[in-house]
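There is one chain below, alone, in structure tokens, taken in the form predicted alone.
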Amino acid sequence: MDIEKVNSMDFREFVDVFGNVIERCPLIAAAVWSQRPFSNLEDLEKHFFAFIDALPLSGQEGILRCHPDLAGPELQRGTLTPESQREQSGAGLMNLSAAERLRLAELNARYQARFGFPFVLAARLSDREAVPRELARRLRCLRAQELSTAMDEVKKIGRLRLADLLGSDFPKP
């Protein structure tokens, strides 16, 4: 898909296509649509990220709360968004042993209790062995540092999802 196609989309089509660039936040895509026309694909990404960067702390935390736990209950129930399903599957999180699932569940619960939002990681850039190590490492971070790290991960995920939607013309992270 090229930038002319993106710029020619009506509101509903744009939100349908780009509504999950930021997990379960179609309102962000709706706000970004109003910034058309985009000069290029990087400009489109810039508008997504400028929107989330401009949110108050509570809004950024809200974005994080839209993300599922990695290898959590939504994965087990099959209720992840298609994008999250592919990302977690690609990281090998669908094929965990019972002990690995339990370890991640415990770490996810500790993380949620400490920070008040789910652990967010660009799973496609990780694997099943690295996820619990990174989760354990980030549990030791200060809250402000972790919020910043988690929002950086949201951007990595968004960049990958835009690359999926826009094809080879869009730079990969």
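Just so we're clear, the structure is a prediction, and the values are computed from it rather than from any experiment. For every residue, the number given is its place in the sequence shown, counted from 1.
There is also a form predicted together with a further copy of the same chain; it is not shown, and the following applies to it.
Taking Leu104, Ala123, Ile63, Leu44 one by one, only a single residue has any non-hydrogen atom within 4.5 Å of a further copy of the same chain in the predicted complex, and it is Ile63. Of the listed positions (Ala136, Leu27, Ala144, Ala130), a single one reaches within 4.5 angstroms of a further copy of the same chain by any non-hydrogen atom in the predicted complex, namely Leu27.
Among heavy atoms of Asn40, none comes within 4.5 Å of a further copy of the same chain in the predicted complex. When contacts are judged by a 4.5 Å heavy atom cut-off, Ser148 does not count as touching a further copy of the same chain in the predicted complex. Contact check for Phe51: a non-hydrogen atom falls within 4.5 Å of a further copy of the same chain in the predicted complex.
Here the marked residues Thr81, Ser97 and Gly167 all miss a further copy of the same chain in the predicted complex; none has a heavy atom within 4.5 angstroms. With contact defined as any non-hydrogen atom lying within 4.5 angstroms of a further copy of the same chain in the predicted complex, the contacting residues in 53 to 69 are Leu55, Pro56, Ser58, Gly59, Glu61, Gly62, Ile63, Arg65, Cys66, His67, Pro68, Asp69, given in sequence order.
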